[in-house]
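Below, in structure tokens: the form predicted alone, a single chain.
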Amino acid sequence: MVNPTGPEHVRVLGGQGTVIGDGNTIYQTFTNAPASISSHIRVREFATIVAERTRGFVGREFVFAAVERLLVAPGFDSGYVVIRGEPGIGKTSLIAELVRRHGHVHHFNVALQNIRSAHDFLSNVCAQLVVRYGLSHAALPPEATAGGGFLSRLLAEAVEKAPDRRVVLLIDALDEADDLGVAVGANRLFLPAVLPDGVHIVATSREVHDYRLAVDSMDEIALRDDDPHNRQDIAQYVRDFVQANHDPMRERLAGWGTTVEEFADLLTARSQGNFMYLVAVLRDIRSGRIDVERIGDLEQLPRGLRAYYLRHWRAMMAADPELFRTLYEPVICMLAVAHEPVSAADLSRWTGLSPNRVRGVLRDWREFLNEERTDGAPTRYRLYHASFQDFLRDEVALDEYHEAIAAAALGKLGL
């Protein structure tokens, strides 16, 4: 992964818009598309994801090279490429960077935003294909989201329009897709078993026993935390972070009496190959929440992402156990069980806490949260990464929070 630098403008071939990248963000504008099509494209949600996950992007050229080799491999004229790896290893960032570089049609399954159904997927990608390749459809027919047939038809039409007769569709977090409404014998998201020649679908997934993907042609790329290429990218990410945050990081490293290279080596080992660990720990070191006065020697840094979450959770609990139990834990756990981004007012209603107190929690935990702002609507919040939700599910009994949301919903209905 290379840090994006200058602006890029890539014309959308056969479409009516432009894929625009400014180095940190990418978004697609399809200015002449009819509302009957463009209303299905999740530009706002996915542009935010691409911007977030490509900021400070480093390395990963070994993965991109592996993907490209498969896309042009003899005998693999069409099919699926599944990139698999553990949470936090950078799968979403890989897909986001491919979107930024190439403007491929794409879909992100995001359980924390409740974007995970077959309907969400089919409506979004079918609309993108129509506009991206200038296909002759004024609107999506009802059958577009009822199964994979219309998607297969559009993919075949798109190949005919593509200048190089190649179409790549990107799907992130296949494992987070919801199987509700999908027949037992069907593929996840109603993905076609057979793709037209020239069409490849590149998807990411956690390590799972069954992708629920019965297809004629598929290959896999495994992201391993101990892969030397992964470790090199981890170390480079640390170096780039120190350089980009020179003044505060120079002060922290001086306090520990260590060099940048020694620091990069130690964090590479402590991260266990996980980029989310780096995001969290480097942010805390830069802000001073982790420094020589608080942890002493650098050897005291937590080992691995779960250990980091556990350290932070217990530190917040120890600072004021009563405040944590009555304020912090209820708000954060409600976010963990919510099926979509929610407002401070929602959290206030579910927890019985005042809106001001809820907003205070959201400020104190902002590094673990994403904010979604829409003109004229309240700010909505969700957990930043599914790995923190996984941690909370293991560490805290969440049943009572599920029940509290259900009770609030029933109360709102007068039941």
Ligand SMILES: Nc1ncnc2c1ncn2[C@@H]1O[C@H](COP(=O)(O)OP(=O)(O)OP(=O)(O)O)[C@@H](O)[C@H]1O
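Numbers for residues come from their place in the sequence shown, where the first is 1. Treat the numbers as computed from the prediction; the structure is a model and nothing was measured.
The following text describes the form predicted in complex with this ligand, which does not appear among the structures shown.
S.K.: Looking at this ligand in the model of the complex, is some heavy atom of each of Y80, L155 and L191 within 4.5 Å of it?
M.R.: The answer is no; none of Y80, L155 and L191 reaches this ligand.
S.K.: Check W365 for me: does it contact this ligand in the model of the complex (non-hydrogen atoms, 4.5 angstroms)?
M.R.: Outside the cut-off, so no.
S.K.: Is P87 a contact residue for this ligand in the model of the complex, using a 4.5 Å heavy atom cut-off?
M.R.: Heavy-atom contact with this ligand at 4.5 Å: present for P87.
S.K.: Counting only non-hydrogen atoms and a 4.5 angstroms cut-off, does K91 reach this ligand in the model of the complex?
M.R.: Heavy-atom contact with this ligand at 4.5 Å: present for K91.
S.K.: Looking at the partner-bound form in the model of the complex, is L301 within 4.5 Å of this ligand by any heavy atom?
M.R.: Heavy-atom contact with this ligand at 4.5 Å: absent for L301.
S.K.: Quick check for you: of 356-364, 380-388, 34-42, 342-350, which stretch puts a non-hydrogen atom within 4.5 Å of this ligand in the model of the complex?
M.R.: Within 4.5 Å of the partner lies stretch 380-388.
S.K.: Can you pick out, from R311, R289, R231, R206, the residue that has a heavy atom within 4.5 Å of this ligand in the model of the complex?
M.R.: Checked against the cut-off, the match is R206.
S.K.: Can you pick out, from D179, E176, D219, E262, the residue that has a heavy atom within 4.5 Å of this ligand in the model of the complex?
M.R.: Spelling it out, the residue with a heavy atom inside the cut-off is E176.
S.K.: Would you give me the residues of 275-309 that have any heavy atom within 4.5 Å of this ligand in the model of the complex, in order from first to last?
M.R.: The stretch 275-309, when checked against this ligand in the model of the complex, contributes F275, M276, V279 at the 4.5 Å heavy-atom cut-off.
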